[in-house]
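Single chain ahead, written as structure tokens, the form predicted on its own.
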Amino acid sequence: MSYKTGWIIVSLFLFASQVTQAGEFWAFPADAPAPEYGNLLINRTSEKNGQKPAIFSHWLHRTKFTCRVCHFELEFNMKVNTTEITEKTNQAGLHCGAASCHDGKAAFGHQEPHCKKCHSGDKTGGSEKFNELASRLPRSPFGNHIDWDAAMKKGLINPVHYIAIKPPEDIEYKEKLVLDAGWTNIPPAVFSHKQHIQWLDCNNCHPDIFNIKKKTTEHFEMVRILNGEFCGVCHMTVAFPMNNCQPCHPGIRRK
């Protein structure tokens, strides 16, 4: 065997080992059951005021609204329990109480007997409704086990992109970024603006999560992503989790 041939075999072995053992090397959180993935308990002030935490189900709302509606128009921060939501603000038509949301017309309001529908303190409910929804949408092996992009493309869901503040024109930014992984034998990550802009507004990511002025990927370390920074703001809690490398690193080939 020549030196060159031997080096190629060793490189391929290392590549396969890195891909196969990625889940062992990185501290991926345990998978939540599909109906619970993306469910959050909002408890910034609930228990302080004698109420159980409020449940918010992303999969339920995603069939009706894109991420942009809540995280831009309604001014919810990306990180749970960092937005000052109170019953007073809801009653005033802000946050969950906005028009076209839980205003008592489009959906149930903030009066008795509706309080316990949200303030249950339990993020495991709704499995029957979830299973009915999942049965008619394209499947995915991770997260909710629903391929939301495919569901939108096929017209199986048609979430609205705005409720009051209509952008001056539809966003058509299609730039695709190729980000060097910085690891030997690990192919680059590919980020599609076109895919993300279906759900998000530019300012959901820029400049707070990704500062485009820096124009560098040196600090996009996997350990930081898994700690909830950068892509990990969404892709460990709501969007598909990262215990599958291939959606982001399409050059990876598994056995």
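Numbering starts at 1 and follows the sequence shown. Quick caveat: nothing in here was measured; it's all calculated off a predicted structure.
Form predicted in complex with a small molecule: not shown, discussed below.
Taking the partner from elsewhere, Asn211 is found to have a heavy atom lying within 4.5 Å of the small molecule in the predicted bound form. With a 4.5 Å cutoff on heavy atoms, Glu87 counts as touching the small molecule in the predicted bound form. Residue contact with the small molecule in the predicted bound form: Asn227 places no heavy atom within 4.5 Å of it. The small molecule is not drawn, but in the predicted bound form it has no heavy atom within 4.5 Å of Ile165.
Of the candidates Val80, Leu156, Leu94, Ala106, Val80 is the one whose heavy atoms come within 4.5 Å of the small molecule in the predicted bound form; the others do not.
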